[in-house]
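Single chain ahead, written as structure tokens, the form predicted alone.
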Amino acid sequence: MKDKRTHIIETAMNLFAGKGYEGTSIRDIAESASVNLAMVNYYFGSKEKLFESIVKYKSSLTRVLLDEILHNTKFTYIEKIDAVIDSYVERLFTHRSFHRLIYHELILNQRDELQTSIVDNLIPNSIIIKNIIEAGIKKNEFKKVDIELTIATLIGTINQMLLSKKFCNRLLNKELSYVPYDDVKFRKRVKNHLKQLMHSYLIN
């Protein structure tokens, strides 16, 4: 059974994803979570702190998966990159609404403290990917590449598909009613493309 704090976080995440940061109030969250306002304030203190807690919660779940990949001794380094790609596409496509909201906050830069918190929580996950690539280079499995821009290419490709469904559908020549992120074949297409890209670029 989930504890109250986790229940509030997951409820708030769904509301933020659907209504946006500005369109969601603490009262909305309390009502939707079936808890009183005082409990939300007790755990988080403010809407901004609650949003920060959600980002921390989501990024920590991803970090656990990435750590498992990093320390998996059965995988070669390119297999670790493949596993990272599978994980990122699945998680970001599944939770796309909240992921868009996070990047909306990063782009707008209206709340400096919140933006800093988002970056602080996302960067450690990128560092794990960096560690995988660095280790692959050290073991001579990978070429010497620009590691930071390689990570930006990997994550940036997924983000480009995610940030606008309309753009994605026009690019794919699909009807507006088509939802690419729920299409298993499209998810596989994105994964395969990124794997081919990384294999060609990284493997020595």
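These numbers were taken from a predicted model, which means no experiment stands behind them. One rule holds for the numbers: they count along the sequence shown, beginning at 1. Rigid core here is just the name for the largest C-alpha set that superposes within 1.5 Å across the two forms.
Just so you know, the form predicted in complex with the DNA exists too; it's not on screen, but the next bit is about it.
Relative to the DNA in the model of the complex, residues Arg27, Met39 and Lys47 are all within 4.5 Å by at least one heavy atom. Among residues of the shown chain, Lys4 is one whose heavy atoms approach the DNA to within 4.5 Å in the model of the complex. Remark: Tyr57 does not count among the residues lining the DNA in the model of the complex, judged by a heavy atom distance of 4.5 Å or less. Not displayed here, the DNA is kept clear of Tyr178 by more than 4.5 Å at the level of heavy atoms in the model of the complex. Partner contacts here mean any heavy atom within 4.5 Å of the DNA in the model of the complex, and among 162-170, 138-146, 39-47, 65-73 they occur only in 39-47.
Shown in the overlay between the shown form and the other one, fitted on the rigid core, is a CA shift at Met39 of 2 Å or greater. With the core held fixed between the shown form and the other one, Ile8 has its Cα displaced by at least 2 Å. Superposition of the core reveals a Cα shift of 2 Å or more for Leu50 between the shown form and the other one. The pair Pro124 and Tyr42 is looser in the model of the complex: their Cα-Cα distance rises by no less than 3 Å compared with this form. In the model of the complex, the Cα positions of Tyr43 and Ser117 lie at least 3 Å farther from each other than in the form displayed.
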